[in-house]
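Only one chain is shown below, in C-alpha cells, and it's the form predicted alone.
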Amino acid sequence: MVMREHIADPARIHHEWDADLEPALSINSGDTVHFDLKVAGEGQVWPGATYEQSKFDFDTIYNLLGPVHVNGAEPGDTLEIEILDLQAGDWAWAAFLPGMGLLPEDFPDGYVRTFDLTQGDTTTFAPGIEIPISPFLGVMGNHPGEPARQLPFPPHRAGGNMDNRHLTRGATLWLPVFVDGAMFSCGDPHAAQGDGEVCVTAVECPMKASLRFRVHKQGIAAPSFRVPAPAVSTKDVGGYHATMGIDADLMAGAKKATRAMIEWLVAEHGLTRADAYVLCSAVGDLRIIEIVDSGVWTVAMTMPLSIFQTA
C-alpha cells in the first residue's frame, strides 16, 4: 500500500460535530495529514488583549479542521492516530471566565492574559517563573455517531475535547469508530496545560500538526493512548510542591487542593490570586491520590518546582 501525505485546507473550519458535513479530505489507512490550526478564539482574543477587550463567542470559539474521511473505517473499528509533529505558534492566551472553571465562586470576574511563545522552549509567566512549552491538541476525535449534531465540548465516546496534555509528539491515540470513514476532526491547540485545566483554559495557541492514521479491524472499549518514554513531560524533573484536598466529594476535594495551591503561590511566589489560578491551570496537575478509604477521596494539586527560577 502506498502511503501518501495530505495537507488539510485551513479554511475548512467547523464549530461542532455534524454528521452532514462533507469530508475535507478522504485518505487511506497509513496516510499522513498536515494541519495548520487556528487558536481557539481566533479573532475573539489577540496578543495583548484584556478580558474587557475580548469578545468571546462560544458558538464559534473552537476552530476544528476536518472532517477527515478514512477509507475503509467502519463502525466497530478502531482508528489509530500517531502524533508525528506539533509546532506551537508564536503567541498564546489563557483566561478564566465568569461562571466557568473549577472555582467560579472564588473568581466571579473574567480575566485574560497573553504570552509570547518566541523565546524558545519556555514562555515567561511572571518574573522568575518559566512555563515549559509542551504542545498538544485539546480536541482529537471521530464523530460519535449519535447525536448527529452536538457541541464540540464536553468530550464524547469517540474522543473530542479530551484536553489530554499527554498526547504530545510521539504519542499514539486509539479512538473507536462509530460512523463510516470515522470522520476525524481536531483543533483547540495548547502550548501547555496541567492535568485538570482547572481555570477552564490552557495556554491556547495556533499550531501546525502532523498526524498519521491507521484503521484496525477490531474494536476497543474506550479511547486509549500510549506515551513513549522520550515523549513524557519532564516538567517534574526538579520535584514538585503539592497541596491536598481531603473530602467525601471528589469535586470538593479538588477545590480544596486548588485553593490551597493558590494560597501557597501567592504567599511564596508573590503572584496575584488571578495569576496563581491561571498558573494552576497552565502547569499544575490534579491527581487522585487515594480513592478506597471509606468513601473519602484524597486529591492533590502538584506544582513543578522546575518552573521557579533561582538566582
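Start at 1 and count along the sequence shown; that's the residue number. Because the structure is a prediction, the values reported are computed rather than measured.
Same protein, other form: the form predicted in complex with another copy of the chain, not shown, and the subject of what follows.
Worksheet entry | Option touching another copy of the chain, based on a heavy atom within 4.5 Å in the model of the complex, out of 226, 169, 208, 149 | In short, 226.
Worksheet item: Just one of 274, 27, 244, 61 has a heavy atom within 4.5 Å of another copy of the chain in the model of the complex. Which one?
Response: It is 244.
Discussion item. Residue-level question: is residue 19 within 4.5 Å of another copy of the chain in the model of the complex, judged on heavy atoms?
Written reply: Answer no; every heavy atom of residue 19 is more than 4.5 Å from another copy of the chain in the model of the complex.
Worksheet item: Hey, in the model of the complex, does residue 155 get a heavy atom within 4.5 angstroms of another copy of the chain?
Response: Yes, contact at 4.5 Å.
Worksheet item: Might residue 74 be said to contact another copy of the chain in the model of the complex, defining contact as any heavy atom within 4.5 Å?
Response: Output for residue 74 is no: heavy atoms all beyond 4.5 Å of another copy of the chain.
Worksheet item: Taking heavy atoms and a 4.5 Å cut-off, does residue 49 contact another copy of the chain in the model of the complex?
Response: Residue 49: no contact with another copy of the chain in the model of the complex.
Worksheet entry | Site check 200, 286 and 290: each within 4.5 Å of another copy of the chain in the model of the complex by heavy atom | Yes.
Item to complete: Sort through 82 to 90, 118 to 126, 179 to 187, 101 to 109 and report the only stretch with a non-hydrogen atom within 4.5 Å of another copy of the chain in the model of the complex.
Response: That would be 101 to 109.
Worksheet item: In sequence order, which positions of 165 to 179 have a non-hydrogen atom within 4.5 Å of another copy of the chain in the model of the complex?
Response: In sequence order, 165, 166, 173, 174 come within 4.5 Å of the partner.
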